[in-house]
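Quick heads-up: it's one chain on its own, the form predicted alone, in structure tokens.
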């Protein structure tokens, strides 16, 4: 039995329009998640979504973020549960994007995220981030309030990562002191103060 061809973004947009009885180009929220068969490639059809503020492409088989030129109003980009390894081609939405949902992918490096100057929320749980220094790319994002890293090696290999004042939380906050919430848990002023001067104990 032949493998069905992947759904194209153009086809997914048409399905969305038919199901909702709308014109996608005029919609503020466009939901293209969990297509059957899954979307494998972000293509130029997405550039027609000029009014879109919230675009969901989660639960597909997308391997690469393609340029998002034309999405001048995009504030929330949902790409969870795909096969993405790198945060490429985000420059087209660098001026507007406030939330990037990228959990359950294959991301090891955060290169590319530092240009998202308006970013408030980064959901990056269940990826492959294993080096705390990757978080240095978030240091300059002054508006970043909420970060989710549960399920990454830096979280799973830490001792009691969710405990207030844990080494893991202090290591993150040392690099990203502007956070208000880490892994769903509010950041305390004590943690922020401790993190500023925190040095982890050397490994034996």
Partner chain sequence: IEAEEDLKAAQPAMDAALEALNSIDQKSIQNTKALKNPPDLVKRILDAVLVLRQYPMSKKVAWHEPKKGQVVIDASENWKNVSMAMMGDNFLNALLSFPKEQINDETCEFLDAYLDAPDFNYEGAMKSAQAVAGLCNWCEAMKTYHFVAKVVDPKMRA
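Since the structure is predicted, the reported quantities are computational estimates derived from the model, not experimental observations. Residue numbers count along the first chain shown, from 1.
What follows is about the form predicted together with the partner chain, which we do not show.
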Notebook entry, point to check: Quick one: is residue 148 in contact with the partner chain in the model of the complex, heavy atoms, 4.5 Å cut-off?
Noted result: yes
Notebook entry, point to check: Would residue 94 show up as a contact with the partner chain in the model of the complex if we use heavy atoms at 4.5 Å?
Noted result: no
Check: Does residue 163 make contact with the partner chain in the model of the complex, using a 4.5 Å heavy atom cut-off?
Finding: no
Check: Using 4.5 Å between non-hydrogen atoms, is residue 102 touching the partner chain in the model of the complex?
Finding: yes
Check: Which of these residues, 50, 178, 136, 59, gets a heavy atom within 4.5 Å of the partner chain in the model of the complex?
Finding: 59
Margin query: At 4.5 Å between heavy atoms, only one of the stretches 86-94, 122-130, 109-117, 67-75 reaches the partner chain in the model of the complex; which one is it?
Written below: 122-130
Item checked: Contacts with the partner chain in the model of the complex - residues in 22-48 whose heavy atoms fall within 4.5 Å -> 33, 34, 35, 36, 38
